[in-house]
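Presented below, as structure tokens, is a lone chain in the form predicted alone.
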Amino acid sequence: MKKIISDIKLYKHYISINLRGMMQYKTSFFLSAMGQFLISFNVFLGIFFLFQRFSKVEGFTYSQVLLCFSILLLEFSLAESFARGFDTFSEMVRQGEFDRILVRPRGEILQVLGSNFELTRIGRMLQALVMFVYGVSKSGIDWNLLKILTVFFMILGGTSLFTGLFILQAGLCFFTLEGLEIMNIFTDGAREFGKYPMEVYGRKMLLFTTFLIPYSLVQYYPLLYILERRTSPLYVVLPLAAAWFLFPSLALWKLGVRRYTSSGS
């Protein structure tokens, strides 16, 4: 218990150091945050113009799609903000910086997590919140405690899922030294195709995103419950099941650490 408390304090200290460093260049920080807002704004425009021509996509209205996309965008942005160290881990391996991590009296995961924070992603989070508020106001959803819990579990499960993907990407770097660009399909790519409910892409895609990389557990199925297209309380906690993806990701990470040999500097 003392170790957990100590790790939490250290992690908060890492965040504080990164935040103070960013605030030394406030203009750069706010411009970067604005840039992140504008990047995801392009995706929003794609949805907006599509619905200028069509009233529904596979039975989902404009406000319902925005609700779906805003939650997934928030999940991805949170994971990228606080697990950025794993996303840029290949550079750490190539430069031999991971060697120093191994000789320190702290866990490797905690140190990699604390090595980099992308707090400029607050720009994306802001856009996600704006779209979420709009989607909620126009969807006519009758909110109750279970639906609010569903949204909370979606964010928690989705952030865990994307963090697992970043850890998986980092674990592969032990064997390749270079980051695999194909992994961007499952991280940045998911942010793009996740703007629509997974049912839109067909049954095979729905099965893939249910049982292999469980995006649907944090996006499509809980959305059905919020929109009252499903009534089973199971859909409330279903997003938490997506956290299982952390286990194979961590297993690959531990395997990579055991087999790691210095790549030099």
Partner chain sequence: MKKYFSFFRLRFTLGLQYRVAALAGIATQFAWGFMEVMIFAAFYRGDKNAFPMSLSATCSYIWLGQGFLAFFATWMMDNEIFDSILKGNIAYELCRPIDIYNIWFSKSVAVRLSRAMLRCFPILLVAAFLPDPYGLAKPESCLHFFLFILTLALGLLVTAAFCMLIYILTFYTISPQGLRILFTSAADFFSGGVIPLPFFPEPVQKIMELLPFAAMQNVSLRIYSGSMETDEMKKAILLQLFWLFILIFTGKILCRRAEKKITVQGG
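Bear in mind the structure is a predicted one, so any value in this text is a computation, not a measurement. Numbering follows the first chain given and starts at 1.
A second form of this protein, the form predicted in complex with its partner chain, is not displayed here; the remarks below concern that form.
For its partner chain in the predicted complex, the listed stretch (35-43, 66-74, 234-242, 220-228) containing residues with heavy atoms inside 4.5 Å is 35-43. For a residue to qualify, one of its non-hydrogen atoms must sit within 4.5 Å of its partner chain in the predicted complex; none of 4, 213 and 256 qualifies. Taking the partner from elsewhere, residue 142 is found to have every heavy atom lying beyond 4.5 Å of its partner chain in the predicted complex.
Although the partner is absent here, residue 121 sits far enough away that none of its heavy atoms falls within 4.5 Å of its partner chain in the predicted complex. Contact check for residue 182: a non-hydrogen atom falls within 4.5 Å of its partner chain in the predicted complex. Among residues of the shown chain, residue 84 is not one whose heavy atoms approach its partner chain to within 4.5 Å in the predicted complex. Heavy atoms closer than or equal to 4.5 Å to its partner chain in the predicted complex belong, across 132-161, to no residue whatsoever.
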